[in-house]
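Given as structure tokens, the chain that follows is alone and in the form predicted alone.
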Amino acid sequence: MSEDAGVPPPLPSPSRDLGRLRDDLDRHGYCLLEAVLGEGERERVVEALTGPGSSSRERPQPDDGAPLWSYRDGDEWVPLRIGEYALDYLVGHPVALGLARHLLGERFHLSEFAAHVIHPGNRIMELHTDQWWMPQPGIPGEPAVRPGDITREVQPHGRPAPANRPISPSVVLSFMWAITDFTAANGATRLVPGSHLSGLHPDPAGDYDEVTAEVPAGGAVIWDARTWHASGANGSGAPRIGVQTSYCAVQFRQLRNFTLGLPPEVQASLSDDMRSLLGFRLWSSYGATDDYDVEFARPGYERAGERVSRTD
């Protein structure tokens, strides 16, 4: 029987075909990438997390009693550094950029670059979207939440069925590299297929039809930021390690402030393509630090004592 006869299309399975990945992303809100990273490439990530001078080793452990924003209930986020440990290949991988271009258009920024470690015995994460801050389309006269008042809790909830009214476009692509195998046993990403077309958010008390995105080490789970998703419970004896390289449309604020956070020597070493990806290239004058007509914004330390005026 054909899809037109009422048989739903098959859910995504790991693939390297960019056309199929794009189709899965559009139809189901997520796609799965076959293993494309080698063992050596994955080992670099582990070295960045555990080697000498790593951010992970410098931070207090959860049982130290010290507050740690990135560690909660066995769920750890570790910011990764551009230009160090030779990890930039994850940010600029052709599949990642190809899917970001498909979903967001020709211009986009890197929003996040961080490792996500799910430790054994973690607490299961609640379903959510990565675009919870996006204002909802409204009809004149209807009540609306002002953009500055949006929180994760103030959201329209409902079922994950396709909407019958306009919804917000996707402005973020979430790309999660599997550094270890992602399995149902160790906390692989859970998703609700098709939920990206609902224009709604999951109710924390709701019960939804989820799938578990199992991919081999070296592959990836990729989703439209509107898709309902969360990490699973790790009942295995080892951490599940992923690396998230999220991309956002140029009109939106990045999760990481790379223009402020990168050391001067790292900034100077970057290619123009990488600087564009990180947000240094101006977009219709937005992102300027002084001159609105330059191609790339200059850090403040390069323009100390200058006086710049706008002539238009």
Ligand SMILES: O=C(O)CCC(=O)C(=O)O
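Residues carry their position along the shown sequence, with the first being 1. Please read these numbers as outputs of a predicted model, since none were measured by experiment.
One more form of this protein should be noted, the form predicted together with the named molecule, which is absent from this view; the next part is about it.
Contact with the named molecule, judged by heavy atoms within 4.5 Å in the model of the complex, is confined among 23-31, 278-286, 262-270, 239-247 to 239-247. Interface residue among S198, S170, S231, N122 relative to the named molecule in the model of the complex, by the heavy atom within 4.5 Å criterion: S231. Scanning L110, M134, V215, M176 against the named molecule in the model of the complex with a 4.5 Å heavy atom cut-off leaves one residue, M176. For Y208, no non-hydrogen atom is located within 4.5 Å of the named molecule in the model of the complex, even though that partner is not displayed. Proximity of R101 to the named molecule in the model of the complex falls outside the 4.5 Å heavy atom cutoff. The named molecule is not shown here, and in the model of the complex it never comes within 4.5 Å of any heavy atom of R226. Taking non-hydrogen atoms only, Y85 never approaches the named molecule to within 4.5 angstroms in the model of the complex.
Annotation for 142-170: no interface residues with the named molecule in the model of the complex [heavy atom within 4.5 Å].
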